[in-house]
Ligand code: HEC
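We begin with a single chain expressed as structure tokens, specifically the form predicted alone.
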Amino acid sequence: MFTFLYQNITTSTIVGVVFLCFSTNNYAANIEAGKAKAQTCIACHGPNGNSIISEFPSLSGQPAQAISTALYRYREGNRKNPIMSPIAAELTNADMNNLAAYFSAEKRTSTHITSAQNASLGPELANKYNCTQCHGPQMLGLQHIPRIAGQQHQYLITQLRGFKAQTRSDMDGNMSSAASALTDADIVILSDYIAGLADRPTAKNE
């Protein structure tokens, strides 16, 4: 679920990701420079990368490579968004590495409280649709695969519906394939469950 595995990727994306990985290993990312650059990001993504707007994703605690890969894809036009595309167009590779280092070092916080019913149903669905296989048992992401634990609830719903409808950019097609089997009820349950996977997940009675 939400996977970004390397299959059927365009040549430009492969080259870009490889370059960014090489750059990350050979360029000491500057967290303070990333923090300064991130001041233009907080209007949408929130202070320290913890979004307070349900439609915009939190960036805190993301694997650094997941952030730099997403930024690169926006810059190169592989992924399009009316807000992110023009912002990413102005970023250098160093900027991307700095931003990724800064946001990945910030602690994820979330105020979302999963319903008791969805907290019970969510783990089974997450295993059934291989969410944990790609994003890890705690949904914290790995390398280029993003963290989804504690992500904004509405954002998760929107992305899953987009993958299912194949209107959301999908680097390798795996997410669109996985989401095609989801019912809208599954999407609502999974999104509620995953959004509540924060430092202090709590369930409420329906």
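Computed from a predicted model, the values in this text were never measured in an experiment. One-based numbering along the sequence shown.
There is another form of the same protein, the form predicted together with ligand HEC; it is not shown, and what comes next is about it.
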query: Touches ligand HEC in the model of the complex: N81 (any heavy atom, 4.5 Å); finding: yes
query: Partner proximity in the model of the complex: S169 to ligand HEC, non-hydrogen atom cutoff 4.5 Å; finding: yes
query: Contact label in the model of the complex: R75 to ligand HEC, heavy atom within 4.5 Å; finding: no
query: Partner proximity in the model of the complex: G61 to ligand HEC, non-hydrogen atom cutoff 4.5 Å; finding: no
query: Ligand HEC in the model of the complex - contacting residues of 67-103, heavy atom within 4.5 Å; finding: I67, A70, L71, R73, Y74, R79, N81, I83, M84, I87, L91, L99, F103
